[in-house]
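Only one chain comes next, encoded as structure tokens, the form predicted on its own.
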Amino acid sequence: MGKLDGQTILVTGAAQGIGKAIAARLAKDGATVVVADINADGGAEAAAEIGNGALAIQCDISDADSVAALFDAIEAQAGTVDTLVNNASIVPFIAWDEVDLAHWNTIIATNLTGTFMATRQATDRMRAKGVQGRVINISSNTIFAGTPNMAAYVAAKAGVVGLTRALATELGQYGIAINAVTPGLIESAGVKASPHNEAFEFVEMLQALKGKGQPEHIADVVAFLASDDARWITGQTLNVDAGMIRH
């Protein structure tokens, strides 16, 4: 028996990287996982690799109609979402002097507004069905570090933590728990293909535990928060960065 047997869990942005690792770990623990991603082919490949009945549904998390269609499709194929993992994100590398309104709006739309829209759909449907579910938001330890070249991203991810705290207060009466995870620098395919890949040596000097963060490090924590082991935790932010940030 897996700790997540019988759960339907939606992971957004799960075609690769942290999202894919999360989806794979949750499926391993028994959940029926929905891989949602704007990359339809990548999502389908990830779901096939993950197995355990994983479903792939294309979704643009920044588009309200696409998000609503995602949840309709899940209900038709797998029932009500028991746990939502808001992982979909755009991770930029852009100096403040180059940040214009178009960039700002793009980052906020996916990283913060997308989290809001998915959470709106999930928690409304949970309450309608009497599901005492979970929401797990993937934020970032950049909100503590004030990482440069990521101003809009840091602002959006800080907003995710604020939303987590506020909704824990409002949704607790329905038995819905909501928490956030703040990963440090993770050696994902996306990071390795970006300028952030040059930061590992510097970041490791700041870490209490040495080594490079892996997507599985985040997946392990999300699996815990999705399980009954975390049934008395809500409104919290779990920082997972090998002790780079100590707070």
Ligand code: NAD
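Residue numbers run from 1 along the displayed sequence. As the structure is a prediction and not an experimental result, all values here were calculated from the model.
This protein has a second form, the form predicted together with the ligand, left out of what is shown; the following refers to that one.
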property: Partner contact for Thr32 in the predicted bound form: the ligand, 4.5 angstroms, heavy atom; result: no
property: Contact flag, Lys157 vs the ligand in the predicted bound form, heavy atom cut 4.5 Å; result: yes
property: The ligand contact in the predicted bound form: Gly53, any heavy atom under 4.5 Å; result: no
property: Heavy atom of Ala180 within 4.5 Å of the ligand in the predicted bound form; result: no
property: Contact assignment for the ligand in the predicted bound form, among Ala223, Ala15, Ile9, Ala24, heavy atom within 4.5 Å; result: Ala15
property: Single option in Val81, Ala118, Ile138, Leu112 placed near the ligand in the predicted bound form, where near means a heavy atom within 4.5 Å; result: Ile138
property: Stretch from 90-98, 168-176, 120-128, 73-81 whose residues place a heavy atom within 4.5 Å of the ligand in the predicted bound form; result: 90-98
property: Partner contacts for 28-63, taking the ligand in the predicted bound form and a 4.5 Å heavy atom cut-off; result: Asp37, Ile38, Asn39, Cys59, Asp60, Ile61, Ser62
